[in-house]
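The chain below stands alone and is given as structure tokens, in the form predicted on its own.
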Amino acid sequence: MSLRLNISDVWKSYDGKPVLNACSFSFDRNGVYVLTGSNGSGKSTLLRICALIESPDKGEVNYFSGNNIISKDTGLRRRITLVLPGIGLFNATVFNNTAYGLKIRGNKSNEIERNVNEALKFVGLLHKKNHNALTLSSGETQRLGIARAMVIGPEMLFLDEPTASIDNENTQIVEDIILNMKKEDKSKIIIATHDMMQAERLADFLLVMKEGKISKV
């Protein structure tokens, strides 16, 4: 049964400045949700809170399976993942960077090899699997970050500004990756972007953040 996420009356402030203001929304259908809005509107903060990296000052963030609330434990955290715009890479091969999440889960080596190769092929980096990840371009690094997230098969994938600071060619590749993921309809993808045209290209559900709240377009 697929995960559902419900946020209810979520508040968050930094240094006394409100960022999220009684924010509520239910992510209950598979597909691509795109959050757009001006810089500082709370998009990235909301993603970090939804991905359980930060806690709200007030309000509820709950994941459901059916009608049951899921405990926010390691088991849940392994079913969701957040890809940030500045990907942190290990000084290791592209393959080993992608395999990291599977290795810490104790997957068998043959499963790891198969799944990593599939993920790298999906993002167009299979030919670089034996290269040191630190030699990749910024666009390739972003694609590697997506592969590293995809390989664990997340039921909910958060992408924060997935094409920030990359060139037009890699932007197109990343958008194509997201559209191909969307066709598989296996997970919920929640993207934050300030690019309204990109939002319209990618979204099944287009959302706008303004004054710390979400509204549908």
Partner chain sequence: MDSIIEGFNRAFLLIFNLDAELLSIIFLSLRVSGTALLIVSIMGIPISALISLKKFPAKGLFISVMNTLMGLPPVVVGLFVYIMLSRSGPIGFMGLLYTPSAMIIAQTILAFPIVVSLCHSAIVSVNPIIKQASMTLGATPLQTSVTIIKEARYGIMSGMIAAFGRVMAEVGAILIVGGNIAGYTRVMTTTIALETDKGNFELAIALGIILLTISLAINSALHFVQRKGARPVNR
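Quick caveat: nothing in here was measured; it's all calculated off a predicted structure. Residue numbers count along the first chain shown, from 1.
Note that the form predicted together with the partner chain isn't included here; everything after this is about it.
A residue is said to contact a partner when one of its heavy atoms sits within 4.5 Å of a partner heavy atom; T74 meets this definition for the partner chain in the predicted complex. When the partner chain is considered in the predicted complex, L179 lies well away from it, no heavy atom lying within 4.5 Å. Taking the partner from elsewhere, I49 is found to have every heavy atom lying beyond 4.5 Å of the partner chain in the predicted complex. Within 4.5 Å of some heavy atom of the partner chain in the predicted complex lies at least one heavy atom of R148.
The candidate spot formed by G88, G101 and I104 is fully in contact with the partner chain in the predicted complex: every one of the three has a heavy atom within 4.5 Å.
The partner is not shown here, but in the predicted complex the stretch 71-87 reaches within 4.5 angstroms of the partner chain through a heavy atom at T74, R77, R78, I80, T81, L82, L84, G86, I87.
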